[in-house]
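A single chain, nothing else alongside it, follows as structure tokens in the form predicted on its own.
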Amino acid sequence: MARRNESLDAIKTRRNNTLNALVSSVPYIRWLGIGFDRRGDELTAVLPFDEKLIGNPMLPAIHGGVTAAFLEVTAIVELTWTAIWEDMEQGRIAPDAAVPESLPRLPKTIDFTVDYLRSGLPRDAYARARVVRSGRRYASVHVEAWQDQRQKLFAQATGHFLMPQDG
């Protein structure tokens, strides 16, 4: 729970600053242009369309490596967001979240399996991750990506991650 005397705007600002610092700390996320829409503790990743993301101009289709990176980034950010939620809500993460030392290290990928269900079209893509299991050392995450309709996935993935250890 958030601290009682804190205003709703201050809580939203702290959450947004923490998420922005987390996302901006990885140059590849910035290069791809991935952003996150936050509603409470739920995150939706957004990959805005850009010509540089096209792998096959004959179709045209989003490059498979971009799709995999988008899914993996979504999984890692969701996993980290879930892990820091309690500390963030208790104010144990710097209020401005701009101090890199206040952010945790990111989980390391053990394996990541992508199912390409259809071509990613030249338009914005969205993804949501669900933490299936999270322990002190290991976590499992499932991710789904879509474009126009949430029910029509163009890719999904399952990943296993090594969680950062304190100290």
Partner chain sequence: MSEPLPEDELEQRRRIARQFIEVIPHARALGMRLDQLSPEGAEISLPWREDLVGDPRSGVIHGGVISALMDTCSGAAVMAHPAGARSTATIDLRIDYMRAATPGQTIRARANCYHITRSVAFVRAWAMDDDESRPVASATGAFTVER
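Residue numbers count along the first chain shown, from 1. Fair warning: this is a prediction, and the values are worked out from it, not measured in the lab.
One more form of this protein should be noted, the form predicted together with its partner chain, which is absent from this view; the next part is about it.
Heavy atoms within 4.5 Å of its partner chain in the model of the complex map, among the stretches 121-129, 48-56, 137-145, 35-43, onto 48-56 alone. In the model of the complex, its partner chain sits beyond 4.5 Å of every heavy atom of residue 79. In the model of the complex, residue 133 stays away from its partner chain, with no heavy atom inside 4.5 Å. Put simply, residue 149 is far from its partner chain in the model of the complex: not one heavy atom of it is within 4.5 Å. Not displayed here, its partner chain is kept clear of residue 88 by more than 4.5 Å at the level of heavy atoms in the model of the complex. For the partner-free chain shown, nothing in 8-24 comes within 4.5 angstroms of its partner chain in the model of the complex, judged by any non-hydrogen atom.
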